[in-house]
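Below sits a lone chain in structure tokens, taken as the form predicted on its own.
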């Protein structure tokens, strides 16, 4: 059970750490879900056409970064409402994937691969988790860019006084979140060897909750992601073992997400 939990954690943590950069930069990125979905779709398409998993992962990250640039352009440069633009991205991506699937494969969105990524090894997944967490800690705490990201969210006027454009730092932070979400999406779809509509299954929203539950710090976010992944493992394992409707069991991770939000709100008030 722990092994499966660690495997489930990988895409969730990567997406959450990517979203952490935007949060610290002062940008509420609710488009994480759409970015993960675009990465999952592009990865399967590129792998199917090229026969290379590496190309698939790169394509997934690239597609999500393009979506992130669109989000940054509409919300930061065009000054659009960040909630509206984020929701628009989340609604746009599923429509685009359905359109491309119909044009390229004549399907309604389901695309299967003969080969999978093979990330079923718990030890390899654990190494990924620790590596990405350590990388986030180092970048945010010990690099000039990390300080710029935090300054953009706390005091953008200070950055401007140092001839650093806050909007540029925020744009880069959004692109980083796009790359992370693209990788997360690629790992999800390539591990399963299939793309289906809604394959992200709310992981973008759960990652956003994990950021707040982890108090916007990499290590606590790691712990929060473990709890959410444990809930997902329980719902996955419990199907067929407990005489409860499958829809109720599958909703358990989202119940834990809501509970996490409530606990975070209580903690903040205290």
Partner chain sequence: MKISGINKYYKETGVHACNEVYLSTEPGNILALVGENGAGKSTLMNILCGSVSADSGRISVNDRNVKSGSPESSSLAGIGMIHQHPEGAGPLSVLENIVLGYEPRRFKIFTFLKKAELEILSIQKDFRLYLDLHKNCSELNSAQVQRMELLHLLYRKKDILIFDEPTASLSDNQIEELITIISRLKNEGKTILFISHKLNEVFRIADEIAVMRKGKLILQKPIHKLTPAITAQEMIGRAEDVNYPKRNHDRDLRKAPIIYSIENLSYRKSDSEFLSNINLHIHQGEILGIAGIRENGLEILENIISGMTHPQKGKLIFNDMDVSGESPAGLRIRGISYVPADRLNRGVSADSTIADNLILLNYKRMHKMGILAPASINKWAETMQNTYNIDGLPQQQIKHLSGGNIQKVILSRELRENPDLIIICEPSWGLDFSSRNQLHIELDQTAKRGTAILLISSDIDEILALSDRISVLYDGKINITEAKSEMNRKSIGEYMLGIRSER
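Numbering follows the first chain given and starts at 1. All of these numbers come straight from a predicted model, not from anything done at the bench.
What comes next is about the form predicted together with its partner chain, which is not displayed.
Although the partner is absent here, residue 129 sits far enough away that none of its heavy atoms falls within 4.5 Å of its partner chain in the predicted bound form.
Looking at residue 150, you'd find a heavy atom of it within 4.5 angstroms of its partner chain in the predicted bound form.
A residue is said to contact a partner when one of its heavy atoms sits within 4.5 Å of a partner heavy atom; residue 162 meets this definition for its partner chain in the predicted bound form. The closest non-hydrogen atom of residue 121 lies beyond 4.5 Å of its partner chain in the predicted bound form. Comment: 154 to 162 is the region of 189 to 197, 176 to 184, 154 to 162, 121 to 129 lying near its partner chain in the predicted bound form, near meaning a non-hydrogen atom within 4.5 Å. Contacts between stretch 123 to 139 and its partner chain, counted in the predicted bound form as any heavy atom lying within 4.5 Å, involve 138 alone.
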